[in-house]
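Single chain ahead, by itself, as structure tokens, in the form predicted alone.
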């Protein structure tokens, strides 16, 4: 059985990951029988902890918990895409591969974000933690050449609807789930628990 005391943790020492504890637990298998009692197979349950390194994108995920939305801009004067602003966060320009400049897009999103398109789903992936139905929205910003996918926490989505970002600033997860969207004009009292306007 799993013991939380030896569950895997990771520290960074001298710029290197230093894992300690267990990252893989094996549970007792159980047989699988058909409706006539014939053995068809067994389950092989496992619990695996995956280390996901953010690298240069770490500042983006950390900023969400602080109520900021960061994007990037190509400032290479030799690139045809010079001045292009990207959201989601891109470390390098997709056209010239030069390192992008980090820019704060929080105010841009508050003033100009709109729903480009949306999808509502009752069925989700295996590791989804959002309650269903999930209202996925593709959000576009003034002056930004790309579109960001997110989810609407309050209300019903409509194409062209003005939305504003909200951030999980209380106990952030340091994942993209710390960013959500609500219709412009939503009151702070109507936000999901742990979320603020930033």
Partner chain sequence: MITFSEKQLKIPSMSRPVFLVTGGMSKFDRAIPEKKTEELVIDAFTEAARFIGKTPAELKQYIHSAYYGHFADHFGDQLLGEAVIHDRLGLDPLGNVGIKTGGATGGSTLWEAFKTVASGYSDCVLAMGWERMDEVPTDEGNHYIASAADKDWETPLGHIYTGYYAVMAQKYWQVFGKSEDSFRVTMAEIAVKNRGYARMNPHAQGPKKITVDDVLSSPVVAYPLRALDCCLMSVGAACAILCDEKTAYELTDNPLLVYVAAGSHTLRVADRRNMAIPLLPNETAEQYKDLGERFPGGDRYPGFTGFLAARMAAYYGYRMAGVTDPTEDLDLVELHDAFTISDIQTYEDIGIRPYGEGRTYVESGDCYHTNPHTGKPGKLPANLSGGLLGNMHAVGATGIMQAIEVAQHIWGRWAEMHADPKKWEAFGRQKPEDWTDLQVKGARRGLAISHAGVGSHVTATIIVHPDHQLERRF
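Remember, it's a predicted structure, so these values are computed and weren't measured experimentally. Numbering follows the first chain given and starts at 1.
Note that the form predicted in complex with the partner chain isn't included here; everything after this is about it.
Exercise: residue 73 in contact with the partner chain in the model of the complex, heavy atom 4.5 Å = No, residue 73 stays farther than 4.5 Å from the partner chain in the model of the complex.
In the model of the complex, residue 112 touching the partner chain (heavy atom, 4.5 Å) = Residue 112: no contact with the partner chain in the model of the complex.
May I ask you to state whether residue 130 is within 4.5 Å of the partner chain in the model of the complex, using heavy atom distances?
-> Residue 130: yes, in contact with the partner chain in the model of the complex.
Going by a heavy atom distance of 4.5 Å, is residue 84 a contact of the partner chain in the model of the complex?
-> Yes, contact at 4.5 Å.
54, 95 and 117 all contacting the partner chain in the model of the complex, non-hydrogen atom within 4.5 Å = Per the other structure, all of 54, 95 and 117 touch the partner chain.
Which residues within 146 to 180 place at least one heavy atom within 4.5 Å of the partner chain in the model of the complex?
-> Going through 146 to 180 in order - heavy atoms within 4.5 Å of the partner chain in the model of the complex - the hits are 146, 147, 148, 149, 150, 151, 159, 176, 177.
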